[in-house]
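Same protein, same chain, two forms; see structure 1 and structure 2 below, as C-alpha cells.
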Structure 1
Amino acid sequence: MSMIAAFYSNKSVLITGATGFLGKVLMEKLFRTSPQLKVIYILVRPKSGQTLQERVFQILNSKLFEKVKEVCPNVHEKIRPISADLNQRDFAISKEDMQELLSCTNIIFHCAATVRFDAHLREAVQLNVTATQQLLLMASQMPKLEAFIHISTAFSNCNLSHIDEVIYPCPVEPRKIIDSMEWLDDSIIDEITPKLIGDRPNTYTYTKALGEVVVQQESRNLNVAIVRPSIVGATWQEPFPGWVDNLNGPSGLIIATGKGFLRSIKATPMAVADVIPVDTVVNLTIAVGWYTAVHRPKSTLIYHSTSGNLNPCNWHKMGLQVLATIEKIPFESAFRRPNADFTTNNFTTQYWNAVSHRAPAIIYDFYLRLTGRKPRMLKLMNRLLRTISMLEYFINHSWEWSTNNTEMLLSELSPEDQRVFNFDVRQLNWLEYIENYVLGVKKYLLKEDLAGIPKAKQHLKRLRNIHYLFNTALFLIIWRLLIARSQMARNIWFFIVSFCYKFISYFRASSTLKV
C-alpha cells in the first residue's frame, strides 16, 4: 500500500490557486489516490453571476475529474470553497471561514500566483509576495498544521546559469518592497522597476524570488518546503496523457503553429527546452508534503522539478516533433501551413517576420469586413507576437539545476510510492509526450474533433497554396521596387532574363536538331 496515499487519508488540505492549471491537477490526484481524504479547502475569488458551489461544479465537470468520480463519488462534498481575494487584507475571508481554516487545516499547498510575465510590479508583489506573507501568518496560527508547501518557479533565479537548491538573497529586503508598494504611485514604480529586477527578464521571476525569501524569513517554526517547477506542460501519464487547459508555456506556441499564425521564432535551437509535465510536478509536490510532515527536516528544503539536467530535450527537437504531429493532425481553421523556423536576432529578420505574420492577418480581417463580420485576426496576431517576445528569453537560454533533494526524496519512497507518485523524469519519452501534448491541445483545449482530420487536411492544402501565392506576390512587388530604385538590381534582373532567354533558345535549337 502507498504510504503517501495513506498519509493524506482523513487530512484537511488547503490549496490556494486550486482553480488554476496546477491546482486542478493537484486536487484531482489527491482525491484519486486518497479518496478517504477529509476535505480540501480551496480559496475562490467571488465572480459575479456565479456562486462558489457553481464554480466547484464547473471544475468537477471537466474531463480531468472523470476517474476521480469513479473512486470518490462524493467528491463534490469534500471540496469546501472559501470566498477569498488575495488582493485584500486577510484575503477578505469571513470570520467564520477563517476560524474553520485555522482550526482544521493539516497541510497547505500554496500554488496561487500571477504568472503574467508583464504584470505591473505592484500587482506581482501583491500576489506573489504579500499574499505569501499573509498566508504564512495564517499558517502560524494553525495548531494542526503539519506542512506548508510553497510552489515557486525554477526561473526565480534565472539570472544565474547554475542554480542550486538553496534560497538566494535579494538585494532589497522583501518587507521594504512590500511597504513601498503601499505608498508609491504607479509612475514612480514604473521608473524603478527596471532597477529593482536587475538582470531578471520580468516582474514574475523577480517577485517569485522575493516570495522565496519571505518563506525563509517568516516561516517561524513551521515545517516548510519549496517546489520549483520549470515550464509546466500538459500531463504525461495521469489521469490520461496530454490534458491541458491553458495557453501558458508551449501550449500557446503549439496553437499558434497549428493554426498557422506562427511561422518563425527567434530561438537558440540547441537551448534546452526545460518543460516538465504537470503530473510530474504534482506527484513531487504531494510527496514533498508527506516527507515534510513526517520527517520534519531541520531546514527549508528546495526541490527542483526540472527535466534539463536529467532528460534534456532541445527546442529544435521539440519543434520538429510538434510540426510532425501537426502535419498528421492539422488544426481546423488553420490559416496557413505551419512552418516554424529558428531565426537570428537581427533587424532584417524581425522586419520580414513582422510583414510575414501581420500581412495575411490584415488581408483576412479585410475579408471578414467584406462578409460583414468583426475583424479579429490582426488583434490576435499582435497579442501572439507580444506573448512570443516575452518567451524569447526562456527559449534562448539554458540553465543547470541541481536536483539532489529531488533525487534524495525519490530514493526515500517505497517501490509502490515510486509507481503511484512517479516524478522520475528520466522515464519520459519526449517524442511520445510531445505527440500527446499536441493531441491534447487540439482535443481538450481547442475542443476540436479528431474525426475531422481529413477535411482539415484539404482545407490546410488550400490555405497553403494561398500562402505561397501571397509570398510570391510580395516577393515580386519588393523586387519590382528594387529594380526601380537600384541600377545593380536592374543589371542582375537583365542578366537573369538574358540567361533564361539563351537557355530556352539553346533548348529549342537542340530539340530541332534531334528531330
Structure 2
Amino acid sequence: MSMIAAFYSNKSVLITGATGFLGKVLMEKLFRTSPQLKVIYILVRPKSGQTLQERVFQILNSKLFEKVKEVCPNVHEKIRPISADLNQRDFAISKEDMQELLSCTNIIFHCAATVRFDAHLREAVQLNVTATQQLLLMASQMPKLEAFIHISTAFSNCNLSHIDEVIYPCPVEPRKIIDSMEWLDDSIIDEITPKLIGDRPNTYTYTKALGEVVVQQESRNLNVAIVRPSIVGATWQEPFPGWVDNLNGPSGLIIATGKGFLRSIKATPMAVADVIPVDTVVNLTIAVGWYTAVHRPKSTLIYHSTSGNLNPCNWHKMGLQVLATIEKIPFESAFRRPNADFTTNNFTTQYWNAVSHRAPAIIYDFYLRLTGRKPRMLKLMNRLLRTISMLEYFINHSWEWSTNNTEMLLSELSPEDQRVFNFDVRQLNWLEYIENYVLGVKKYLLKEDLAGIPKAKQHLKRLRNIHYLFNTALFLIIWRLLIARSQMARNIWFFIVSFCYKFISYFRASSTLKV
C-alpha cells in the first residue's frame, strides 16, 4: 500500500492553477492514486465565455481524465470549483466559499502564475507575487492546514550558473515592489523594469524569484515547501506517454519544426536541455506535500525538479531525435520539409532568418496574392521569430541545479511509493521520451489522425520536388545572368559544356564498340 496515497485519502486539497498544464496533471494523479480523497477545491475564473462548470466539464471529459473515471467514477462530485480571480482583492471569493475553504482545507498546491515572458511587470507582480502573499495570508487562517506547496521555477535564479536548493535574496524587498505597483503609473514601471529585473531575461523569472522570497518571509508557522521545475514537457509515463496540451516550452518549437516553419535556431548544441516531464514534476510535488505535512521540516525546503545533473540531454541530441521522429511520423500540411540547423552567432542567425524563414514566406505570400488570397505567411513568420527570440536565452545557457533535497526525499519513500510516485529522472530514456513527445504533440495538440501519415509523406515528397525545381530554376537564372555579364563565367560555362560533350561522345563510342 502506498503511504502517500493513503495520506491523501479523506483530505481536502486546494489547488490554484488547476486549469493549467501542470494543475490538470496534478489533479488527475491525486484522484487516480487516492480515489478516497474527500474533495479538491479549485480556484477558477470564468474564461472565453465559459462558466466554471463548463470549464470543469471540459477537463473531466478530456482524454487525460479517462483512466481516473475508471478508478474514481464519482470524480465530478469530488471537484469543487470555486469562482476566484487571483488578480482581485480576496480573490473575489464569496463569503460562503471563503468560509468553507478556511475551515476545511488540509493541503494547498499553489500552481497559478502568469508564465508569459512578455508580461507587463505590474501584471506579473500581481499574479506571481501579490497573489502568493494573499494566499499565504488565507492559509494562515486555516486551522486544519497541514502543508502549503508553492510551485516556482528552476529559472527564478537564472542569473546564476550554479543554483542550490535555497532561496536567494532579491535586491529590492518584494513588499516594496508590491506597494510601488499600486501607485506607479505604467510608463514609470516600463522605465524601471530593466533596472529591476537586472540580468534576468524577463519579468516572469524575476517575479517568480520575488514570489519565493514572499513565501519565505510570510509563511509564519505554516509547513511550507517550494518545488522548482525546469522546462516542463509532455508526460513521460502517466496517465499515458506524450500528453501535452499547450505550446509552452519545447512543444511550440516542435510544431514549428515539424510543420517546416522553423528550420534554424540560435542555440548552443551542447548546452543542457533541462526538460522535465510533467508527470515527474507532479509525482515529486505530491510526495513533497506528504513529506512536508508528515515530517514537518524545521525550515522551508526547496526541491529542484530538474534533469540536467542526474540524466543530462543536450539540445543537439534533442533536435536530432525530434527530426528523426518527424521523419517517421510527419505532421500534416507542412509548409516546407522539416530541417533543423543550429546557428551559433547573430550574423548567421540573421542570414538564415532572411534566407530560410522570411524569403520563403514572402514568396508564398506572393503566390497567395496571385491566386486572389490574403497574404499571411510573413506575419506568422515574424511572430514565430519573435517568440523564438524570447526563448533563445534558455537554449544558449547551461545551468547546474543541485538536487540534494529531491534525492533525500526519494530515499525517504518506500519502494511502493517510489514506484507509484516515480520522480527518479535517472530512469528516463530520452530517445523514447522525445519520440513519444513528438507523437503526443501530433495527436493531442495538433489533433492529427495517424491514418493521415501516408498522405503527409506524399506531401513532403511533393515539397522536396518543388524545392529541387525551385533551386534548379534559381541556379539557371543566376548563371544566365552571370554569363551575360562576366567573361570568366562564360569561359567556365564553355569548359563545362565541352567537357560534358566529350564525355558523352566517349561513352557513346565505347558502348557502340561493345555491341
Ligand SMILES: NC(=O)C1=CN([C@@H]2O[C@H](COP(=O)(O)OP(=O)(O)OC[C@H]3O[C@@H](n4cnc5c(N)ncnc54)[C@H](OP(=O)(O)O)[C@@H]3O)[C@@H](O)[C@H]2O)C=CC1
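Between two forms, the rigid core is the largest collection of C-alphas that superpose within 1.5 Å. Being a predicted model, the structure only gives us computed values, none of them experimental. Structure 1's sequence is the ruler for residue numbers, which start at 1.
query = Given that just one of these two is the form predicted in complex with the named molecule, which number is it?
reply = Form predicted in complex with the named molecule: structure 2.
request  = Compare the position of the CA of N10 between structure 1 and structure 2 after a rigid core fit and state whether the shift reaches 2 Å.
outcome  = No, the C-alpha position differs by under 2 Å between structure 1 and structure 2.
message = When the rigid core is used for the superposition, does T51 move between structure 1 and structure 2 (threshold: C-alpha shift of 2 Å or more)?
response = The answer is yes, as the C-alpha of T51 shifts between structure 1 and structure 2 by 2 Å or more after core alignment.
Per-residue Cα shift, S498, between structure 1 and structure 2 [Å; core superposed] = Core-aligned C-alpha shift comes out at 10.3 Å.
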